[in-house]
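First comes one chain, alone, set out as structure tokens in the form predicted alone.
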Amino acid sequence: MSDVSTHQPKFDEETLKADVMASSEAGRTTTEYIQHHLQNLVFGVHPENGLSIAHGSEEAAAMGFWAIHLDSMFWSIGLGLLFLWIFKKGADKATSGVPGPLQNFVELIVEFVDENVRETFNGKSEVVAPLALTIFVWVFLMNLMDLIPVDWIPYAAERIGIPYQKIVPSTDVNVTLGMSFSVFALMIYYSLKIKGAGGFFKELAFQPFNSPNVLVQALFVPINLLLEGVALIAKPISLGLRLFGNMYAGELIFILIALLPFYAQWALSVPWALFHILVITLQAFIFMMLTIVYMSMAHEHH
């Protein structure tokens, strides 16, 4: 009995030290710290509280589908306006003489996107290149927010009474799927415009299996529609979830690193941040390239 009573307090103390982290003045546990940093600022209609801001994931879930993530909307729109301001300023200062640093930067990105569009897109469209440029820069800026230390803005928001502040819009699946379904809507629109409703239906109904025999082909049509329909719907879902998954995982690793002692944070966060710069750029590039490919497919005739 004496051995058990002697070791039990020591076990509780070690467990407490391992579980409790100094994440804020309130002293959250590890689980609470992670949940707080991954929680969006949700605004909607609560069944009991009416129109309000959710305080916790339970209240956010109770608000249902029509709730709005205020932080995702604020940062994504703000970064979109920043993109427009930078490129507008670069265009205003454009000169045929010796270009300035901003003009060089803007021209470098425009030429990079234009080259990829010319190599990948086979049709003729005045929309694809501006769309690709917008997606690449906008997604890159949203991803770039992941390099801001995870505690800075959420802690500052708490000091002024804002309970949650998730500053990386691309870690919100609503944002990434919203962008991907917008691309999907354009893809369907141009497929119908270029090929017509009949041509678009034939594209889905007469491949991958086809036969010169009419009766055999009639048997193949339902199978083709099922296969091509699933492949068609999978495009926007995979496009959005790929970006979300990579950025969410990166953000979670930064949060876990922030739970470590100070010396370990610097030892791990700096190398991870340097590597994450590649991930940030690559994800923006992949989203842009797949958008160009999907738009090219929409403009092609079989």
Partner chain sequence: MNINLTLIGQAISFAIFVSLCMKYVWPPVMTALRERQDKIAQSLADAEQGAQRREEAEAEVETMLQDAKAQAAEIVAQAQKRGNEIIDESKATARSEGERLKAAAQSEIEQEVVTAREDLRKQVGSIAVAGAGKILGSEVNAESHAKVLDDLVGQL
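Residue numbers count along the first chain shown, from 1. These numbers come from a predicted model, not from an experiment.
What follows is about the form predicted in complex with its partner chain, which we do not show.
Next item on the list: Only one of Leu133, Val150, Met187, Leu141 comes within 4.5 Å of its partner chain in the predicted bound form by heavy atoms, so just point that one out.
Entry: Answer to the contact question: Leu133.
Notebook entry, point to check: Of these, Ala91, Val221, Leu192, Ile162, which has a heavy atom no more than 4.5 Å from its partner chain in the predicted bound form?
Noted result: Spelling it out, the residue with a heavy atom inside the cut-off is Ala91.
Check: Picking from 167-175, 223-231, 203-211, 153-161, which part of the chain touches its partner chain in the predicted bound form when contact means heavy atoms within 4.5 Å?
Finding: So the stretch in question is 167-175.
Margin query: Taking any heavy atom pair closer than or equal to 4.5 Å as contact, tell me whether Phe87 reaches its partner chain in the predicted bound form.
Written below: So Phe87 counts as contacting its partner chain.
Note to self: Check Ala61 for me: does it contact its partner chain in the predicted bound form (non-hydrogen atoms, 4.5 angstroms)?
What the structure shows: Yes, Ala61 is a contact residue.
Check: Phe83 near its partner chain in the predicted bound form, any heavy atom under 4.5 Å?
Finding: Phe83: contacts its partner chain in the predicted bound form.
Notebook entry, point to check: Is there any non-hydrogen atom of Gln103 lying within 4.5 Å of its partner chain in the predicted bound form?
Noted result: Heavy-atom contact with its partner chain at 4.5 Å: present for Gln103.
Notebook entry, point to check: Judged by heavy atoms and a 4.5 Å cut-off, are Thr120, Phe254 and Ala298 together in contact with its partner chain in the predicted bound form?
Noted result: Not one of the three qualifies.
Item checked: Stretch 61-86: residues contacting its partner chain in the predicted bound form, 4.5 Å heavy atom cut-off -> Those in contact are Ala61, Gly64, Phe65, Trp66, Ala67, Ile68, His69, Ser72, Met73, Ser76, Ile77, Gly80, Leu81, Phe83, Leu84.
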